[in-house]
Ligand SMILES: Nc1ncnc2c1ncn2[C@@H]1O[C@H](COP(=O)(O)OP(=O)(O)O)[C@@H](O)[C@H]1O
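Consider the single chain below, provided in structure tokens and representing the form predicted on its own.
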Amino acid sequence: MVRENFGGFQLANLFEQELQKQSVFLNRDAISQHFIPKELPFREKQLKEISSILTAALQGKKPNNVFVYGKVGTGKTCVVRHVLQELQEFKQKSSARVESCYINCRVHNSKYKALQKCCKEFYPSENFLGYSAAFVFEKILDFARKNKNQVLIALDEIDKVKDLDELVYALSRGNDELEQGEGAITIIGISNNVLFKERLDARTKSSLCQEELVFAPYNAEELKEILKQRVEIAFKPKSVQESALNLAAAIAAQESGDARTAVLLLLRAGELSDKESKEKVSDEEVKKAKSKVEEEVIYNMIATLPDQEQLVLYTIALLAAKQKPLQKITGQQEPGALMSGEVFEEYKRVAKKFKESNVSARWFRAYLNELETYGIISTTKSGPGMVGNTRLIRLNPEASKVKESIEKEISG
């Protein structure tokens, strides 16, 4: 299709021009962070462990609750969703009464929203908006009771649920209302934060009877194999140089062992190659993509942090944005450094402003350790020239961008 401009020249339709451009991609979706491949290399052990636990559901018995931990990009969500898909496929060939529901708790971040999502999955033709949480929860129990279903509820980023204790307690204690043989509810919790359970009330923790799995970060060789698998289905043959693939894997391994970072690096590098009309993805494109991807990964990671951890980070960003260099007794300066005691006192004021209860000094230190593990902050001992013995905190990303990112999360 062509069109005529005012000068009488024939021009192709804008979208036609775009579609006719050469691309290094064969299936761009296969290199996205949301793609779940059919094979999950280096997670065979975790696949077997989770499937072994959930096999009880196929026998009409309640499986133990499962909690899966690990940093961002360690394959937690992919593994759980893969197991649930396999379970549903097997169920079609058998007489097993098993139903599952996957919930993204960043979106459905309250007990009510999570229960509503469940009901929508189990009763797709019905609308429960406006009904109470108690009514919606009773409908879930009825779904298990009347159909004798083993109900598996996967809660991804479970720590993002604001009234988490109420949700977990309701789901775990809901089984007390179901007679033997009437079905049961099993929780599969996924979290980046191993400490999230400490937020739960003692009675809730005692009712869980959980199995726990920790996913370790990938190393450079593992990331290389994961990228090879993706490249074969996402890119045209021979369009990604071996050295570019190795570099993307090495950068991701050095930064965090995060498969999402590695995948995102190749995606952005491929986009740069297309933009510059190149036939191959080389080291040059990976290097150019690195700074943009690092920024994306950090802000994505910030969005996954628990609310209290976000408040601690928000406080650091607030102070870092207006802080003058720390002055030592010796006259030396510590640019960009914040004293942990000062941050803790400001954090308590920030928590009050947002109508949140503040955590103890012990939990504050634990959150600092988590943030340092993620590479968002770095800490050092104050050393000579400072009054007392304190911990100095430095924010690695740009303070204004961190502040803006968290404000969006809080307001959302």
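Since this is a predicted model, take the numbers as computed values, not measurements. Residue numbers here begin at 1 and follow the sequence given.
Same protein, other form: the form predicted in complex with this ligand, not shown, and the subject of what follows.
Residue heavy atoms within 4.5 Å of this ligand in the predicted complex occur in exactly one stretch of 226-234, 172-180, 133-141, 203-211, and that stretch is 226-234. Val72 is the sole member of Val72, Ile298, Met339, Leu319 with a non-hydrogen atom lying within 4.5 angstroms of this ligand in the predicted complex.
At a distance of at most 4.5 angstroms from this ligand in the predicted complex, all three residues Leu40, Lys76 and Asn192 contribute at least one non-hydrogen atom. For the chain shown alone, Val312 is not a contact residue for this ligand in the predicted complex, no non-hydrogen atom being within 4.5 angstroms. With a 4.5 Å cutoff on heavy atoms, Leu265 does not count as touching this ligand in the predicted complex; it lies far away. Remark: Ala259 counts among the residues lining this ligand in the predicted complex, judged by a heavy atom distance of 4.5 Å or less. This ligand in the predicted complex is not approached by Phe354, whose heavy atoms all lie more than 4.5 angstroms from it.
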